[in-house]
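This document starts with one chain, in the form predicted alone, laid out as structure tokens.
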């Protein structure tokens, strides 16, 4: 008898819609996807191995280079781990400044993720609008930290730079501009009839499937799972943080959730600025020996660092678990099988906002 699978379709590793190289291999019957798998390994960096045996002062900079799209949270999780093993306290002002920079980084990452999706479904106008708005968020990060991508803003016991009054005023102006622009783009995405045909009911990940795949971040929250590491963070608890959740579990829900989290991040930054305590931005302290697991909520979900250090603050052992590997697993095993058109494979994959650089650290 003739095989029911007509052909195996490989997409990538170099594909116009991918931010980074990965190969998605689909087994199809006509246009319908029956099964899929992802082939990784095209940009292995070996950063995790390079970290071992080095002092924390060097690992601080290496951690940021695991991923250029979410470098702040890698910096933050590693530093908070070193503070935990060394008993180093952080002044309240520095803790609030960390949240401001972390949420600015989340804004630019979500804007980039939604740009990638809009570009993938060939809505290039909205894609370029989003990319232009992201530049304003990057300008805010540069104004506060002195750099756009790898900032090294957080150090044991505090942060490198304080927030000046003129930078505070400029940040408020930029946030208002970003909020107005993103509000307009959100309505364009939510009400566009052609966008709806490429997003609603496409790439569905149910709540049960999300739990089986251990999905995290916006991918999980768009499927009804209200989990966010920020709930356990003491500074975020002071800000009364609560995660956003949607129940549809499709492409539309994932992109709309990220739009919602951009507004939420702007609100968190406003609260930090209004409640910003006076005082020092560095508490001092020396990194020493210990073992811990440090966690944080990256733009794509839970990021964790296992750290073992010696009495001089050198990293004896370290292991990093990044969020994208679980979301990619959810995509290949649940979101892609059943997709009725090969044209939707790229958009479903991109809707999970996979970060290949994080996975292949």
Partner chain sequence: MGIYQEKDLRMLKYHILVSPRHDHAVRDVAGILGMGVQPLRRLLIERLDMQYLENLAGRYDQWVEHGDRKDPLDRALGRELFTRYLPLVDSSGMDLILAEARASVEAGIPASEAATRARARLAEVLRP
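Because the structure is predicted, anything quoted here is derived from the model rather than measured. Numbering follows the first chain given and starts at 1.
One more form of this protein exists, namely the form predicted in complex with its partner chain; it is left out here, but the text below deals with it.
4.5 Å heavy atom contact, residue 213 to its partner chain in the predicted bound form | Residue 213 belongs to the contact set for its partner chain.
Indicate whether its partner chain has at least one heavy atom within 4.5 Å of a heavy atom of residue 122 in the predicted bound form.
-> Result no; residue 122 lies far from its partner chain in the predicted bound form.
Give a yes/no on whether residue 176 approaches its partner chain to within 4.5 Å in the predicted bound form, heavy atoms considered.
-> Because no heavy atom of residue 176 falls inside 4.5 Å of its partner chain in the predicted bound form, the answer is no.
Is there a non-hydrogen atom of residue 52 within 4.5 angstroms of a non-hydrogen atom of its partner chain in the predicted bound form?
-> Looking in the predicted bound form, residue contacts with its partner chain include residue 52, since a heavy atom lies within 4.5 Å.
In the predicted bound form, do 40, 320 and 325 all put a heavy atom within 4.5 Å of its partner chain?
-> All three within 4.5 Å in the predicted bound form.
Could you tell me which stretch in 242-250, 204-212, 165-173, 271-279 has residues with non-hydrogen atoms within 4.5 Å of its partner chain in the predicted bound form?
-> Of the options given, it is 204-212.
Taking its partner chain as it sits in the predicted bound form, which residues of 326-361 have a non-hydrogen atom within 4.5 Å of it? Please list them.
-> Heavy-atom contacts to its partner chain in the predicted bound form: 326, 328, 329, 332, 333, 334, 359, 360, 361.
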